[in-house]
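Just one chain is shown here, as structure tokens, and it is the form predicted on its own.
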Amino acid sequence: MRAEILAVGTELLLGDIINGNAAWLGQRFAEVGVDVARSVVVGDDLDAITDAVDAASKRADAVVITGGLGPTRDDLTRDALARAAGVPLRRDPAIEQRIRDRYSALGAPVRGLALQQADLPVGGTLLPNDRGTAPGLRIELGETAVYALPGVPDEMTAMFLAAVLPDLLERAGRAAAIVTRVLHTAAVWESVVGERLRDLDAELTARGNPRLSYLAAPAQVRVRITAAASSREEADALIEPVEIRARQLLGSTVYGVDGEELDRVVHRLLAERGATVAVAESLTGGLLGAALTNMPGSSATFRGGVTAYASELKSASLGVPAELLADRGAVDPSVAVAMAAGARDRLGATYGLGVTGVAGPDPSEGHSAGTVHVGLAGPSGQTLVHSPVFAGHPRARIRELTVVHALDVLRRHLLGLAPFHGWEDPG
């Protein structure tokens, strides 16, 4: 099956809103093995929308449109679909009453063009919207199924998963159950993950089911395993051996599955040991502490942090020896360890993490941008340091990479593993 995505909205063309709907839809199509041949954006112009719908329906087996279904004059997707199909619009009494009831429940009169949301092209099928007033619709243009969904992301995603995806799979003769499992890795490049999984990926591609896909973020790669079957149990059974093999190939770089984010894994490991952590930050400027407070209840294991950007504050606030700073400078492995120990001791934590380095873009103290040191101080005086190099990355990315590496240093230590250095080999 070949699909096309059509996003409607002048605001998308102007860059006022990022077209996240198309990215999300592309991912969902990839998961179920539907090829997306084109993804197009058009403005709020009736002729442009009609032409785009007409052209897409002649090329693709399915077309998914987002946007242009609301209650304003520039919401023209219904009109364009009616014109492309050569049929009039007719108002659906049930939808009209639903809209009136919704406004009444809010204590507001029905204003403006709100009721145009009840207009459907003759021959179209309603797609219910439980999260808003604008219903979606499906209409056949020749042999192509065209689905129009609201542009509001949460409305669009809910409608696609509940109504569009099952219909598409049925039309394609696909299995009724689509199950995904996501493995999360840290401190390894996407290219290395792809290389380690190359043979497995090739085998699965040849079989067609399950399938692998990859999504990279700073210092993290998500590996999605997707299986299609007649039931969830059968899909799970297909995924299980693939997950086992992928974990074997990726080793200890895998830190979680599905919703297990890195900060949550760190908190869980600390809680299991009755331990806490405090942080001392220089180049990350509070980002590490922010990452450790994302999770509700994080105060159970996160004591706090000190952001000591100026060198003199590293000494005054964290107890880093002034002679060490004078001799080695602020960007040094020993300073990172001293910062970690200072955070541990002064904030009363079991573990301390310290990060220092050069975020750039210019060199500092004779060190190039991307030089980073992560120090860890444990409860019995044990210390370690991890010094990844992020040369060539922009300032914001270096800071993000540093946060992930710091969290992973603590994760690995809590598991009895050394910091990960093998960019060429995940181990």
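Between two forms, the rigid core is defined as the largest C-alpha subset superposing within 1.5 Å. Residue numbers run from 1 along the displayed sequence. Here the structure is a predicted model, which means the values were calculated and not measured.
Note that the form predicted together with another copy of the chain isn't included here; everything after this is about it.
The candidate site formed by Ala23, Ala108 and Leu347 is fully in contact with another copy of the chain in the model of the complex, as each residue has a non-hydrogen atom within 4.5 angstroms of it.
The closest non-hydrogen atom of Arg90 lies beyond 4.5 Å of another copy of the chain in the model of the complex.
When another copy of the chain is considered in the model of the complex, Gly360 lines it closely, a heavy atom lying within 4.5 Å. Proximity of Leu14 to another copy of the chain in the model of the complex falls within the 4.5 Å heavy atom cutoff.
In the model of the complex, another copy of the chain sits within 4.5 Å of a heavy atom belonging to Arg303.
Between 70-78, 140-148, 254-262, 120-128, the stretch whose residues reach within 4.5 angstroms of another copy of the chain in the model of the complex through a non-hydrogen atom is 70-78. The partner is absent here, but in the model of the complex a heavy atom of Thr293, alone among Asn209, Thr157, Thr293, Ser231, sits within 4.5 Å of another copy of the chain. Residue Gly285 is the only one of Gly285, Pro333, Gly319, Gly329 with a heavy atom lying within 4.5 Å of another copy of the chain in the model of the complex.
Contacts between 33-54 and another copy of the chain, taken as any heavy atom within 4.5 Å in the model of the complex, involve Val36, Ala37, Arg38, Ser39, Val40, Val41, Val42, Gly43, Ala48, Asp51, Ala52. After superposing the rigid core, the Cα of Leu415 is displaced by less than 2 Å between the shown form and the other one. Superposition of the core reveals a Cα shift of 2 Å or more for Asp154 between the shown form and the other one. Residue displacement note: Ala134 has its CA displaced by at least 2 Å between the shown form and the other one (rigid core superposed). Annotation for the pair Asp154/Gln220: C-alpha atoms approach each other in the model of the complex, by 3 Å or more compared with this form.
Note on Val193 and Val34: their C-alpha atoms are more widely spaced in the model of the complex, a change of at least 3 Å from this conformation.
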